[in-house]
Structures are given as C-alpha cells and as structure tokens.
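So this first bit is one chain, no partners, the form predicted on its own, shown in structure tokens.
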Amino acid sequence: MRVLWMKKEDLREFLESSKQFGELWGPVQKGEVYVYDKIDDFSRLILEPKRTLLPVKKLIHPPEFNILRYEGETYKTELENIPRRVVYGVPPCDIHGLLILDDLFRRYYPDPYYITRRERTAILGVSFCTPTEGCLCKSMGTDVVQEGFDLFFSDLKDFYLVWVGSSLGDDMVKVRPDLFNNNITRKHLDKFMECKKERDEKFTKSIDMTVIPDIMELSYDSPVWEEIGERCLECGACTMVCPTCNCYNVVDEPSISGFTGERRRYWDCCIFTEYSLVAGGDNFRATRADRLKLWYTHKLKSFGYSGKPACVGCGRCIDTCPVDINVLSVVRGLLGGKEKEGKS
C-alpha cells in the first residue's frame, strides 16, 4: 500500500474525474441527518467526514431489489443491471462492516448479488470524523482501517493523506496524477498524529472489549435479557441501521396470470417474531428476550465464520433505539449498571 498527499482544494476535481469509473455517490444532508445519495450536483456533496443515517451497506446489500424475472419455466437474473459506483465519504467503521459482510457473503456460500455489487463499487474512505455521543469505534478497534477500500482520504485540515488500497484505486489516481504528490515528509506525519490525537480525545464513551465476550458467555441466563425484552418495541430499527446486519427474506411476486413474475429480496430482522417461525408454527425464539440475546451475542461475542464480535462501534443503535436498548446499555446492564458515566 502506498501513501500520497493531495491539496484539499483539488478533491472536487478528482471526484469529478472519478465519474468515469461509475456513478458518484456520497453523503448529502437530508433534514438533520446525512444519507448516501447519487451526486449530480457537487454543491450537495458533503466533503467533511460524516456518519450517515444508514451505513454504506445499503448500496452493497440493498434493502430491496429484484433477484430475477421469470416467465413460465425460464428466468433471467438481474445481475447485468447492477451499476458501477464510486462511493465517497465512507468512514472506517463502515468499511469494517463491509469486511464482515465480505466474509459472510463470500467465504462458503458465495452470494453473486452481493459480490457483483461489491466488485462494481469503488470505496473511497475518509477520516477523521468527529465522534458522536454514541461512537464506540475506538473501543472496537474500528477507528482505523487497513483494507477494504480502494482509496482512503485522511482529512488533515490543510491537505489529505491518501492511501491507495487496490489496483482500482491506483487506476483512479492515474487518471489525474497531477493532483497527487508522493513526497511524504515529516510535516505530513506530524500532522497525521496531531489530528488523530485530537480526534481520539473527543470520544466520550468506551467499552472494555477485552472482557465483554466472556461477560456475554457468563451472562447467558442473566435476568437482564428479560428486562430489556420487556422494553423492546420489536421495531427492528437497530438492525436497519447496523452496518453488519444482513438478514433477508425472498418473496415471489407473480403476475395475476401466475405465468410471469419477479423474485425479490428484502431486508428482514431477527428481532421480529415471524423471523424464527418454522413449519408447524413452532418458534425457537418465541420471546423478545431470546431474540435480543441472539442479536447481542452476534454483536458483542461471536458472529459468522470469523467468530469475532460484529459490532463496529458506529453508535447508530445508540442514537436510533427509542427505548435505550443498544450495545452500551446492554453492556452496562450485564455489568450491573455500576459503571461510571462514559466508561463501561
């Protein structure tokens, strides 16, 4: 991996040139929040690091899309219609979320829809974002990232340090080599460390992840699960905003004749009662407490093939849940609720 630097005033010009690699997407302001949107008007693009309402997951593993169209006994997939995109402004925690999804959707049972979107999407990461009240990425070790991106821009106020993370990223640089400089000096390194320290000092909350996986194991029968189960509204908002949640359902939508139709895929949620229903009407996770226990075991103890916690510390569940059920409050509950403010 090589590192370059770029003048801040040159970023827009570079992003304009990147459109030859696909549609340009990035964070825009929508009311009081930020969302990823297609950029046709550069004045809408937010260049500063921002956390969006939904993670970049929504572009690689969309909330809803068509898998195939069928007619009689023949069908045609929709893979060829997946566009190429360049997504700017992806924070380190969201890139870590993509790495977890990569492992899940690529390792043993390759998902062509996920893989095709991933391969057709250039990820342009950016830091240092200002931590929100609920940010826990430093605790999770996801405040920095070494892979999973094509280019990564570290915003150092006066300039960007730019990490080239893939051959695609290198190709993007080669389109406008005049905008990049490979002469990295001590001044650049000092500024990088200064900005990182300044950002790190703004974190207000933390979790000791050296003990939490063991605490989860030892707390399987804790009454805390029943307590939070009684509070849970079963709205599923936590799963919708989480960068690593991946559950989905597949539904056939036939025409009136039944001869033609579509097979569509939708985000689903393991918090919903219906998610665990099986043939015969049995439900192996009939209570909200059981479903929440499963969800937080995935986030704080072990998930998927990696066997590691799947929480990337973005803080979205903390900001989203209307009844204060989130990774931080669950950890506090399991620890007896006696921790000092700002530390779990």
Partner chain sequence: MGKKKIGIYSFSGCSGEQLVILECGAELFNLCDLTEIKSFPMAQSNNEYTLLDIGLLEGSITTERQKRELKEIRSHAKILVAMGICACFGGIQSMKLGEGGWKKRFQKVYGDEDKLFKTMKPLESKPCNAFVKIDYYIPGCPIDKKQFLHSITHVLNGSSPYLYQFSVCTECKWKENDCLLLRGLPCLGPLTRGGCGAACLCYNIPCVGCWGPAEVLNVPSEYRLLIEKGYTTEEIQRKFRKFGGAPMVECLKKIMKQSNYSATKAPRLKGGI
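All values reported here derive from a predicted model rather than from experimental measurement. Residue numbers count along the first chain shown, from 1.
Just so you know, the form predicted together with its partner chain exists too; it's not on screen, but the next bit is about it.
Visitor: Can you pick the one in M240, I215, I184, C195 that has a heavy atom within 4.5 Å of its partner chain in the model of the complex?
Guide: When its partner chain is considered in the model of the complex, the option within 4.5 Å is M240.
Visitor: Report the residue, out of D178, E133, D252, E201, that has at least one non-hydrogen atom within 4.5 angstroms of its partner chain in the model of the complex.
Guide: When its partner chain is considered in the model of the complex, the option within 4.5 Å is D252.
Visitor: Even though its partner chain is not shown here, does F272 get within 4.5 Å of it in the model of the complex, heavy atoms only?
Guide: Yes.
Visitor: Applying a 4.5 Å heavy atom distance criterion, does R231 contact its partner chain in the model of the complex?
Guide: R231 belongs to the contact set for its partner chain.
Visitor: Contact between L334 and its partner chain in the model of the complex at 4.5 Å, heavy atoms?
Guide: The answer is no: L334 has no heavy atom within 4.5 Å of its partner chain.
Visitor: In the model of the complex, does D41 have a heavy atom within 4.5 Å of its partner chain?
Guide: Residue-level check for D41: no, no contact with its partner chain.
Visitor: Mind checking whether each of I60, K138 and W163 has a heavy atom within 4.5 Å of its partner chain in the model of the complex?
Guide: Not one of the three qualifies.
Visitor: Going by heavy atoms within 4.5 Å, which of 84 to 92, 148 to 156, 243 to 251, 202 to 210 lines up against its partner chain in the model of the complex?
Guide: In the other structure, the partner sits against 243 to 251.
Visitor: Hey, which residues along 306 to 321 are within 4.5 angstroms of its partner chain in the model of the complex, non-hydrogen atoms only?
Guide: Stretch hits, in order: D319, T320, C321.
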